[in-house]
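Shown below, as structure tokens, is a lone chain in the form predicted alone; questions about how it binds or moves come after it.
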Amino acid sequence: MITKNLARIVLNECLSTGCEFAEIFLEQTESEGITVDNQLVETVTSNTIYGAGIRLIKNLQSVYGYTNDISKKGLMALASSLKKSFDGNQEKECAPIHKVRIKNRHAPKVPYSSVSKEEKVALLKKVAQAMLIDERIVRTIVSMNNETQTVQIFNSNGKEVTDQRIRGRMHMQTVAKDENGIETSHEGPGAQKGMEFFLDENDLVSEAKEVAQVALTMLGAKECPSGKMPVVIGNGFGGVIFHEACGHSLEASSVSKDLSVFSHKQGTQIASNIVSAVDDGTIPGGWGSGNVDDEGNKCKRNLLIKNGILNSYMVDPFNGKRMGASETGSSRRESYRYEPTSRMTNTFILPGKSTVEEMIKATPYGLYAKSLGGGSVNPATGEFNFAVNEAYMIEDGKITYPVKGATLIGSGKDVLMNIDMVGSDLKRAQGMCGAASGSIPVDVGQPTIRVKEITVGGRGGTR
């Protein structure tokens, strides 16, 4: 995108008023999207964005700006503006720049460009058709999006890194309606892979039928009762509860400022001794994986919790300075418009030894939260609430009837300590995580787990 010589000129301009570190992040992203609504092609879009962000750091002060003009004039103008945040003399020059070679672990086998739009539309219509399993299905929406992000990173320590990230995701949504009301269901499989993920590696028809069946099941659901009770939380997207209630509180962006319930807790027990969890950015093809993070550091597998003990945080270099901690390949951003900070990649609880059947049988009365939806959390306290998309009551150790309107309310630190059974059925699911550095792709995940007590909200009265 730009030459080493130009990068060094711009970085030296950044350093001219005494900052200790400067970085340029350049990006070009090309994206494509197709949506089929009730078997009709609703939208076909394509988009290209490009630009550069520049960051200057001195001690614990950071300034950031971005531009769409990546010419020498544009980059120098941005650097000149940002350097005014510091009032001093140049203390160092940009080191000679050397390109860091990286291995691409996520290259697609079937490029998106090799499959025509007509073939993609045909696939989407096939998936939509598969959801029509009952006359109560009144609407189907299926979309496919892919993007190719190419980045080039330079910093004043002499590093140059280039990387390409290619991701694709499909969204399946169905709407069911009868005299009881309207229910919706959704799945969104995705990966850092090419069209092979959709053509060869997934049974999309079966997934589509399951999405439709969930909506139909929830049509006949009763209102969920409320109160404190054991809850069995399903695998896959059930891991969003760990992501939100614990993961954000383990990011250095909050830990370093003592804004996390888990600040200064490294080496102490924060979870049940049967709980271990990782953030792993190295999984080949993982939705949240990478070759390098957005500062050009190699992505890593970080063991966050080991047998209930807090082992490590997710750390970016800047917040690592506050903590006296090394970076963990966790610095991420949505695009060149955002300053990077510590974020999750693929974050999940590791498998245990129990089965779902054993968890249900061990529960005289409780809730089976098979699939979770959205929620909110306060990282400083770990307090959260989550909607449950698909849920069933457990009575006398058996799943009985479906319920709707369930919410899970509690705190991350309490939930972690109250996990008393962990399944062997680890599964990951895809999502987008929004925070200070924008919206980024992440995997959440877990095996099925049982929390021995958690507050359940619902309109079905109390037991």
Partner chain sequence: MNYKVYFEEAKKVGLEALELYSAKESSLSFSLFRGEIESFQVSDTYSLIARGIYQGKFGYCSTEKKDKCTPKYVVEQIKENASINESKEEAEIFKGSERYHKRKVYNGDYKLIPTEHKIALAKEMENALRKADPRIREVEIEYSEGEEEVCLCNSYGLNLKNHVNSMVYYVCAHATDEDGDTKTGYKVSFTNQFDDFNSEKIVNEVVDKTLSQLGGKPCKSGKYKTVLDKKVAASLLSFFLSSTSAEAIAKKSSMLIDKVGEKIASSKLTIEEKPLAHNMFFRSFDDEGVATMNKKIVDRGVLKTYLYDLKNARKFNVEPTGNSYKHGNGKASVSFVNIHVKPGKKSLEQIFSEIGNGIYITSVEGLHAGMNAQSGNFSLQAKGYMIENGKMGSPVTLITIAGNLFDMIKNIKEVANDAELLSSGFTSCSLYIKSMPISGI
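Positions refer to the first chain, counted from 1. Quick caveat: nothing in here was measured; it's all calculated off a predicted structure.
There is another form of this protein, the form predicted together with the partner chain, and it is not shown here; the text below is about that form.
Candidate site formed by 66, 227 and 257: every one of these residues places a non-hydrogen atom within 4.5 angstroms of the partner chain in the predicted bound form. Although the partner is absent here, residue 405 lies within 4.5 Å of the partner chain in the predicted bound form, judged by heavy atoms. At least one heavy atom of residue 384 is located within 4.5 Å of the partner chain in the predicted bound form. The partner chain in the predicted bound form is not approached by residue 400, whose heavy atoms all lie more than 4.5 angstroms from it.
The closest non-hydrogen atom of residue 431 lies beyond 4.5 Å of the partner chain in the predicted bound form. Considering the partner chain in the predicted bound form, the lone stretch of 370-378, 343-351, 128-136, 196-204 in range is 370-378 [heavy atom distance within 4.5 Å]. Contact with the partner chain in the predicted bound form, judged by any heavy atom within 4.5 Å, is made by just one of 336, 287, 313, 242: 336. If you take 39-63 and check each residue for a heavy atom within 4.5 Å of the partner chain in the predicted bound form, you get 39, 40, 41, 42, 43, 44, 45, 46, 47, 48, 49, 50, 60, 61, 62, 63, in sequence order.
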